[in-house]
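Here you get one chain, nothing else, as structure tokens; it is the form predicted on its own.
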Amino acid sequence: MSAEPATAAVHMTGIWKRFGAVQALADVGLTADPGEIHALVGENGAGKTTLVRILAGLERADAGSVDVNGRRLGPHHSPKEAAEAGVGLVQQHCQVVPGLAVLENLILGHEPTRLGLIHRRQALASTRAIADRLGYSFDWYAPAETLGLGQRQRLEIVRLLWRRCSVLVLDEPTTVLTAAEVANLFEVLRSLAAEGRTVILITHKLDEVREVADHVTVLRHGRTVGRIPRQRLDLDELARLMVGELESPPVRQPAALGEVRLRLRGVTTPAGEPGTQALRGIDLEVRAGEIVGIAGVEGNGQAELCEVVVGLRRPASGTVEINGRSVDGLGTRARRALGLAFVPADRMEEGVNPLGSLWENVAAPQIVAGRGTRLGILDRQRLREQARAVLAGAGVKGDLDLPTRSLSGGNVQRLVVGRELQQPSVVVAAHPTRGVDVRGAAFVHRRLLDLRRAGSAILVISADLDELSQLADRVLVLHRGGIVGGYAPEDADPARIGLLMSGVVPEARP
């Protein structure tokens, strides 16, 4: 039985929210008690993120009430009011203030002072202690904008703990963490709950729900369809509540390899840039009809490898070829014209314009390439019709004129994948199913495998070794900017992979 509103840490009732023609939430409720880890689950677009953004004061509910620690928040409460009540939120797409250091971003708005000056030594000591407890490390004085997506999420988690929030809301916090980091995070969350704090955990990973959740609230199509205590938790039933019946997962057929379509020879990038990992002599080939996976702990050169291939970073030495042509000196637009498609790791910052409409974001590559005009005038009608078809094929629902930021993170990813993976000859996909539910991940995997069968050359960067095993014909391991080894998924040896990811090259087997 759930706690009464007077004793619950969080009690949300009758929450309604509409974005244009989309009813995001309809009479939704959420109750979480002090000292519990409460999982909030549902497929992409179910309304999970919208609900917690309302709790944190980042969105206004059309109707409903919100109580935190027995305190009724106003109908349109602000983020400040939510924070004062004890609510802290780690969002999927963490933002930093450019121009400020990592430490300055963390303490911004809550700076400890001494004699009227910011007490940096005290701030550093306390924040470093929390980071060490989580197993995180930062260059505290590096520019915050150099942090990768995973590092930004970790920084946000440290920020909540440093600010002593009593209600911690984490939106897909494990998406960019390794298995060891996830285990460490769960230990911390359990200790926080034991101290009386409340943790609300949004996740698509049902094994995480089973491992840490005391209660589960399930949303589907913007409505609450279940609240399940741990002792009655059945993962099969939970999956059915979330998404209904699922199609069979896609199957990877034997590869029919063709010519080399993507080749890197001796690629290096300059060292010394804060927050980046220099590439060290990358040699890499991807053939038509092949998926090559890149594994490794995040921050070992994955972002830099993507940037070099798509034209966002110039190598200090070495060459990049697409379809047999050197693209050294060519920008992203020219590389796209050669058949390159790119699914970026950070969909909100690099994949879409959040303020732009759905159809504008789908049509953006055509507009940039000058293909969306008729007699020199933007052909809006044709572009909108094409966008409607792409969105329908990707399973994204919503008015074409809705701002893209109104979509869930998983549906933004569907938009990007649907837009990019039409008929490219070369694909670079970075963490293509990060933060995507089971149904969405199956869509992405099916699309990549369809392109592989059609003869595309595909490079997939992922921290999810299971995903690489399902997709890749072969996997290369990146460590400190260099390829230290590889393996075929069918011959995967977890111990050997772990050694490679830690930089230890195992001896060749007899």
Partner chain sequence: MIWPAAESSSPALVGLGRRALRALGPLAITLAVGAGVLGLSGRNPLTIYALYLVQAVGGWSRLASTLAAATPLVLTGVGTSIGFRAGFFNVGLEGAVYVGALATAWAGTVWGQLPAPVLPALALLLGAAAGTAWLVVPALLRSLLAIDEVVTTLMLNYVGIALTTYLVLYHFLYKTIGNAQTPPIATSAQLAPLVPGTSLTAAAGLAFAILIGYGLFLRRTRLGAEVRTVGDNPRFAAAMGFSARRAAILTMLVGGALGGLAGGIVVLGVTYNFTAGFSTAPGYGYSGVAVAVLGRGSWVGLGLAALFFGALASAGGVIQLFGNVPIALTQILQGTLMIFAGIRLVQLRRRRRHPATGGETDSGGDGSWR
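In this text, the rigid core denotes the largest set of C-alpha atoms whose superposition between the two forms falls within 1.5 Å. No experiment lies behind these values; they were computed from the predicted model shown. Numbering follows the first chain given and starts at 1.
As for the form predicted together with the partner chain, it is not shown, yet the points below apply to it.
Chemist: Counting only heavy atoms and a 4.5 Å cutoff, which of 182-190, 428-436, 338-346, 233-241 contacts the partner chain in the predicted complex?
Modeler: Contact criterion met by 338-346 only.
Chemist: In the predicted complex, does residue 170 come within 4.5 Å of the partner chain, counting heavy atoms only?
Modeler: Residue 170 lies outside the contact set for the partner chain.
Chemist: Verify the contact flag for residue 360: yes if a non-hydrogen atom of it lies within 4.5 Å of a non-hydrogen atom of the partner chain in the predicted complex, no if not.
Modeler: Yes, residue 360 sits close enough to the partner chain in the predicted complex that at least one of its heavy atoms falls within 4.5 Å.
Chemist: Flag residue 332 as yes or no: does it have a non-hydrogen atom within 4.5 angstroms of any non-hydrogen atom of the partner chain in the predicted complex?
Modeler: Taking the distances in the predicted complex, the answer for residue 332 is yes, it comes within 4.5 Å of the partner chain.
Chemist: According to a 4.5 angstroms non-hydrogen atom cut-off, is residue 401 in contact with the partner chain in the predicted complex?
Modeler: Yes, residue 401 lies within 4.5 Å of the partner chain in the predicted complex.
Chemist: Is it the case that 353, 368 and 419 all touch the partner chain in the predicted complex, with a non-hydrogen atom of each within 4.5 angstroms?
Modeler: Yes, the whole trio is in contact, each within 4.5 Å by some heavy atom.
Chemist: Within 4.5 Å, heavy atoms only, which of 164, 121, 71, 405 is in contact with the partner chain in the predicted complex?
Modeler: Result of the distance check: 405.
Chemist: Could you work out which of 260, 312, 131, 255 is the residue within 4.5 angstroms of the partner chain in the predicted complex, going by heavy atoms?
Modeler: Here the answer is residue option 312.
Chemist: Would you mind checking 85-102 for residues with a heavy atom within 4.5 Å of the partner chain in the predicted complex?
Modeler: Going through 85-102 in order - heavy atoms within 4.5 Å of the partner chain in the predicted complex - the hits are 95, 96, 98, 99.
Chemist: When the two forms are laid on each other by their rigid core, does residue 257 show a Cα shift of 2 Å or more between this form and the one not shown?
Modeler: False for residue 257: its C-alpha shift is below 2 Å.
Chemist: With both forms fit on the core, has residue 93 moved 2 Å or more by CA between this form and the one not shown?
Modeler: Indeed, residue 93 is displaced by 2 Å or more.
Chemist: Look at residue 104 and decide if its Cα position differs by 2 Å or more between this form and the one not shown after superposing on the rigid core.
Modeler: It does shift by 2 Å or more.
Chemist: Since the CA distance of residue 145 and residue 420 differs by 3 Å or more in the predicted complex, is it closer or farther than in the form displayed?
Modeler: They are farther apart; the C-alpha distance rises by 3 Å or more in the predicted complex.
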